[in-house]
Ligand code: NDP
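Just one chain is shown here, as structure tokens, and it is the form predicted alone.
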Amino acid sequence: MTVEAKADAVNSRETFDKYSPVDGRKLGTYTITPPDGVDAAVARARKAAPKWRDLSLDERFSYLERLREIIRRDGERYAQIISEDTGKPLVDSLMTELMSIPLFIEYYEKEAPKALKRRRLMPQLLFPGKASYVEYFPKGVVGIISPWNFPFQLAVVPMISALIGGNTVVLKPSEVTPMTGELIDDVFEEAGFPPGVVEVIQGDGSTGAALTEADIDMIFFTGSVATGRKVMAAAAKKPIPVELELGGKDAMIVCEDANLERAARAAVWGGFINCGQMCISVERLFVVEPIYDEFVELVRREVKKLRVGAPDEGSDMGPLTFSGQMGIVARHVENARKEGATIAVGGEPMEGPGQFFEPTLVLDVTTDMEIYREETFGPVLPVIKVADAEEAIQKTNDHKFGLTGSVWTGDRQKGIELASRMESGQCSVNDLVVSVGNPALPFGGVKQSGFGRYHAHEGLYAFMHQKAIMAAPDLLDVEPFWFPYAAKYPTVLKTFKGLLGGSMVTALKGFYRMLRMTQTRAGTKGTEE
């Protein structure tokens, strides 16, 4: 944290406490950055923007390389901090939070020079001698509001994408995971980024709201649909671009010819990794009728194997990170039970300290249940029996969310065809979740799962303005389409009909006739004068 940022924090009178999701211990007290502190952070980012923008790509990557090496060197310690903050197993902190950052930096080192360079387009016949280009320039100061479920990775990946393109960043991390927010601040400071290029502002919802109202040029938001609407409304006032990465209710379709052992293990991992607190977790498991009973029994067996506990206990699944989720998860399960669903495994908060909820398998789920319609974001796996893959695809697409999904079948081509029909931003065949970690694949949702894409080249373009340039040679005194229009109508009409009739030869003849007419008129006028 810069000296100025520390001063802003000291001047704030509002604080919030952080408690352990594992045992309820108080872990620290954090300052809520007030609106004037937010404005000051944005002003520092604005001041730093021109120099950062004018650095070469190689110079920007020199800072990111230091960031990468720091994460590699101290990743084990960082994983412990993230796990203490979130309650997730250390394996998850290393694998899903930290491991992806070096991969993304290395990917962009190779791809950014190609993605961001000025591109010359193919010449067009009706624009002879004119060169067409597309290039990119940064949007400016980017406000990033990141969530608590993957507090390091879902903050840092968009941050590095924005920074590579020459933007400066003001990050507002979730107040649910302030320890990780502080860690991000420390890591970027240790990497030596110039003052103002990266600003981290801790706080609650009021801090995020102040950031959306501040003098920023873009908002990148990851979180709930409800908050996403507020962010979009704030952006519309200016207006400025906004990218929304929102919720999901991701579908997994298991076909009759699938490898059932593999699919069952995948369903349990995809449903319970990070305690189900993942927008891309399996929240609707569609199983075709011929293999339903056999598959459900395999899933039940795998769920019962899960070890639940604190990060240092070698657990597979930790507690819910956010205390508010406990009520949502419990309500979804209880409402499903009342409406006729069968709780095959789990279904209750666990006894003892902390925010632990039993891994829960719910059968006989129907499309009108809350547990089917709304995002649960917890350790609950709802199963829906379908007649065949066609019914599964129809039900998958008849939903308000569309983030990711997966298809499981022994016929990979069939799987790809079904995946293509799924209305989602990403889809996997005989795999799940890990596609989001592939830096070459764009990531984002459709419908109420949000809009915009990041990762891959799209992850750079998300933070860039696109500019088109057309350059003409300085040879002609007058262009064919310029004034005067006198006597041009018949020739323009001939060109028009040639274009619409598919006769480029006719169109070109008309174009070059206009060219001769224009140059003749220009020459005659010049002689008269």
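What you are looking at is a predicted structure, and each value in this text was computed from that prediction instead of being measured. Residue numbers here begin at 1 and follow the sequence given.
The following text describes the form predicted together with the named molecule, which does not appear among the structures shown.
Quick one: from 360, 174, 355, 167, grab the residue that has a heavy atom within 4.5 Å of the named molecule in the model of the complex. So the residue touching the named molecule in the model of the complex, by this definition, is 174.
Between 136, 443, 372, 78, only one gets a heavy atom within 4.5 angstroms of the named molecule in the model of the complex; which residue is that? Only one option qualifies, and that one is 443.
Within 4.5 Å, heavy atoms only, one stretch in 373-381, 106-114, 407-415, 391-399 touches the named molecule in the model of the complex. Which? In the other structure, the partner sits against 373-381.
Within a 4.5 Å heavy atom cut-off, is residue 132 in contact with the named molecule in the model of the complex? Residue 132 lies outside the contact set for the named molecule.
The named molecule contact at residue 224 in the model of the complex, heavy atom, 4.5 Å: Yes - in the model of the complex, heavy atoms of residue 224 and the named molecule come within 4.5 Å of each other.
Distance check, residue 147 to the named molecule in the model of the complex, heavy atom within 4.5 Å: Residue 147 belongs to the contact set for the named molecule.
Check whether residue 230 has any heavy atom within 4.5 Å of a heavy atom of the named molecule in the model of the complex, and answer yes or no. Within the cut-off, so yes.
Counting only non-hydrogen atoms and a 4.5 Å threshold, tell me whether 203, 212 and 246 all contact the named molecule in the model of the complex. Yes, because 203, 212 and 246 each have a heavy atom that approaches the named molecule to within 4.5 Å in the model of the complex.
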